[in-house]
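Both blocks below hold the same protein chain, though in two forms, and each is given as structure tokens: structure 1 and structure 2.
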Structure 1
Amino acid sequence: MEKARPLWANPLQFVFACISYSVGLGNVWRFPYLCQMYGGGSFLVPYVIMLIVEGMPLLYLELAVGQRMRQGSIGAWRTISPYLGGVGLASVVVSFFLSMYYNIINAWAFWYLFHSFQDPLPWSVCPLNGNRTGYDEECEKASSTQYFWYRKTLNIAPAIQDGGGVQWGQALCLVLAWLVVYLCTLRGTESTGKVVYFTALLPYCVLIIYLVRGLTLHGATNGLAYMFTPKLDQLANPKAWINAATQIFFSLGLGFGSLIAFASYNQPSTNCQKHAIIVSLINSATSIFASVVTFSIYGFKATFNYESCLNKVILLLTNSFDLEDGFLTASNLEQVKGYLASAFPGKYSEVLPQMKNCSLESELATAVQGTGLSFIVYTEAIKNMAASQLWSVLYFFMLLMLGIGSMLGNTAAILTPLTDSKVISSHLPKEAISGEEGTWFPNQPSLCFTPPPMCSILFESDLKAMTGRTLNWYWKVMWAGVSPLLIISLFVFYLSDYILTGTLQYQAWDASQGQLVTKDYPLYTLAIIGLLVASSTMCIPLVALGTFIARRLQGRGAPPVA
């Protein structure tokens, strides 16, 4: 008797699993950046359009494929057409690479979480130098949060060629991260189904708490005003549209096989159309919600820095001209500067080079994304809040929930096809490769999509049998034409962009200057990048070719049966 396929205990578990997979770190640290770069409130226009045109159709398709085929990505694509088995294999390979580096982010979140239980927070003060008369030089040039990230956490090497030693703290955290993922996926849907209640809901609790805290911070309105003021001219910028499309694609996690895997554990009669719409709407709403929180924190940080800058200028002028302490304030600063310039021109011109031009705009305009946002900008804002340990613990716990939720999807994408194809025990050891830090992983969009034109005609009857309702004309139009066109044009755009710009570059940390510098990738790393890309994309043609050859041989071997 064939072993029954494990199922989700109820449809809610499935929805939560999809939400906890889709709502990940990208919603928190990429969307606010894009919003800021491409015109604030007006970025929502391309974003929503792409959601309707690309996000929902492709999500529905993936869920439907998984639910209908009731297999992981390899089996599902092979069932659609034997020549397309390579697509499934390619998505497993990509998910494998993704899991490798994604869990390192979870390790960092653990590291920061464990370090949040100290008073004062370790990233709020610079360590002292040798003779205890001042602070460490690298820390002075940069800031204490940057120092903690680049030196204490990563212990970053000056360039990709320079090897460092093993960072034992990071290695331990990485082992723990993998153990946690193992614990959650140990029993398949039984354990994952329970974990996703937490990984889906807890981040929202923390976001709401942060929303209330963020909006009550001094200067939060500056950030919100800056973000939501629409700059309509950005609508004409093609990059805005391209980034909106890419963001929708990666935010929902399409094409990696995780959604197929999750849907394959569904009851065949589940209404995946409704679920697809719910998940995509929740995902986008979370992005917008997270950017409100992020921008109120941004506004607070920018205002804080602006006021510190002003205070430094005030102190400088007070000391140089021996003015009465407390006489100079932010309001009369410009006036007094003018007076001093006219009354003591010589001395003023001496002091002038040291005076920084403080501008709230320039503080707000420092757009950051990715690890820089979470581990540098946010920590800087948190250290200035009252009860900073509590906020820090909450924040990194939320990051962990988001990260683990996405990891569950990634591992499901790998494990589901594997468990489908062979009979393995439920104990699947997953070893982590820990060692030197991998911040060098290039930020390229994965070139493994769901490429082929959707066989909507073939699929329609299956869907009708499954969900019991006919396919809306909207889905048909999207699947047959618009979505594949969009995906292909994105693919072409990125390919041409890489070809045109020549060498790829990365950001390295320069300890002597205390800031990031751009460097070119050396040749051997370019080869590795090429290998990574090739190993996934080559699966598709190779498997197709292999199937073709196998069929031809089979056809010649066996005589046709009457």
Structure 2
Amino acid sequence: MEKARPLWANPLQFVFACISYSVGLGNVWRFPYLCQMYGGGSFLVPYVIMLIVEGMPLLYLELAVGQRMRQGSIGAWRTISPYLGGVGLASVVVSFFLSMYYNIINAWAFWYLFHSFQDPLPWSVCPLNGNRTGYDEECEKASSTQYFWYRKTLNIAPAIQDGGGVQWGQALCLVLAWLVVYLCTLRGTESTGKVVYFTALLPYCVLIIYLVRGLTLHGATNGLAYMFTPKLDQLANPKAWINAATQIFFSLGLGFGSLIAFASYNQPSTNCQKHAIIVSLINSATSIFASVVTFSIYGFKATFNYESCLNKVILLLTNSFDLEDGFLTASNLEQVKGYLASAFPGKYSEVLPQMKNCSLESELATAVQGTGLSFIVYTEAIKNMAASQLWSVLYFFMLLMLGIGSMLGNTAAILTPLTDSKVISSHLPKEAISGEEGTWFPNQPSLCFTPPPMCSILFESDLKAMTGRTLNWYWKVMWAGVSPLLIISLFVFYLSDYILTGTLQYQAWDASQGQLVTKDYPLYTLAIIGLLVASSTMCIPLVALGTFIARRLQGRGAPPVA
């Protein structure tokens, strides 16, 4: 007798699991960057439109498919058509690649969290050089936060083809990150359902604390004004709309199979339409809320750097022209500079190369995303706060909760199809692919493949039979035309963009200059990138071909009908 499928203890666990998965690092470190790049408040216009025409329809569709089929991505697509099993397999491969690097970010969060208990913070000052006569040269050319990230944390090589040894501290943090994921998924929905309460709720507690602290920081209003001041000309920029659509797609985690896996543990009568709307709105609201927090901190950092720059210029001019202490201030600096340039042109021209051009606008306009925002910009701001250790612990604990929550979804996309597979479960002992409940399997650029929208696989009658609710015109129009066209347009844009870009490039750390430099990928890395892309995309035609051949062979071997 087949064992009954595990279920969430209550609908709230399912909603929290979806929120914990979708609300991740991208909400904290990519959405604020997109706002900064594409017009501040005006970026919300394409973002909300893409949420309505792409995010909610596709999220509802994935939840409905998982709940109706009650299988992981491979089984769901194979049920739709045996020839489409490769689409589910491709999403499993992509989720595997995603998990491999996503958990490394969790390892970095652990690394910074452990170092946050030191006083002073290890990234707050540059270390002394070998003979202890001054600061380390690389750190002086960069900054203490950049030095700690690139040298102490990554110990980064000058180029991708240059090898390096094992960083044992990082390796131990990575083992710890995988151990946490294993423990969180040990008993399947029973343990995951309890963990998601923490991974979904605790980041909001930290964000609220940071919001209160951020709004009280000097210069926070400068950052918020920069964020909410709309630049309407960006609405005519196609890249603003493309990036809004991409952010919605990947922030919700569409197409990876995680949402299908989560929904497959729902009661068949669950109102997944309501859950799709709730999760998508909470995800987008969180992105905006996190941006308010980020820009308040960013405004503090920019104002601090701007005022530090002004103070250095004031000190330089005061010493160079023997001015009275306190005479030169930020308010009369430009006026005095003009007077000194006209009254002492020779001496002023000698001092001019040493003066930095201080601009608050340029500090605010410095766009940073990803690890640069979390591990450099935020740490730069944190080190200048009072009780910096406390704020550092809170911040990296929040990153860890966001990362673990997303990892639960990533692993679900891998484990659910494996446990659904009778071939795998019949050849391996239960303990090899699951915890005690026999439900889960502890497993070790992300745009390799994203399955197309499942627009024609779930009919109105299926949804009505499952939930008792009739499908309204909005979902029909989105599924039948708007969402598929949008996904195809995104695919064509990115494909043409990669072709027109030419040689792919990456940023490497130049220790001699103390800054990032752009380099071309070597040929062998391009071959590896191609293999990674092919390993997912080729699943679709190969599985379809294999199914076709198997059916033809079965048809030939069948006995003739009398």
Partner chain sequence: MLCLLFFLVTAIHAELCHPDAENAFKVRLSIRSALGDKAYAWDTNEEYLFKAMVAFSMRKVPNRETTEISHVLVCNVTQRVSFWFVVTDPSKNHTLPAVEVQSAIRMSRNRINSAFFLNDQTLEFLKIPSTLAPPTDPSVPIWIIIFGVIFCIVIVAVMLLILSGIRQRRRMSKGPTEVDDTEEKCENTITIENGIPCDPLDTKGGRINDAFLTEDERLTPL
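So that the term is clear: the rigid core is the largest set of C-alpha atoms that superpose within 1.5 Å between two forms. FYI, numbering is relative to structure 1, first residue = 1. All values derive from a computational prediction rather than experimental measurement.
- The form predicted in complex with the partner chain corresponds to structure 1, not structure 2.
- Remark: with the core as the superposition reference, the CA shift of Y101 between the two structures stays below 2 Å.
- Here A285 does not count as shifted, since its C-alpha moves by less than 2 Å between the two structures after the core is aligned.
- Taking the rigid core as fixed, one finds a CA shift for F344 of 2 Å or more between the two structures.
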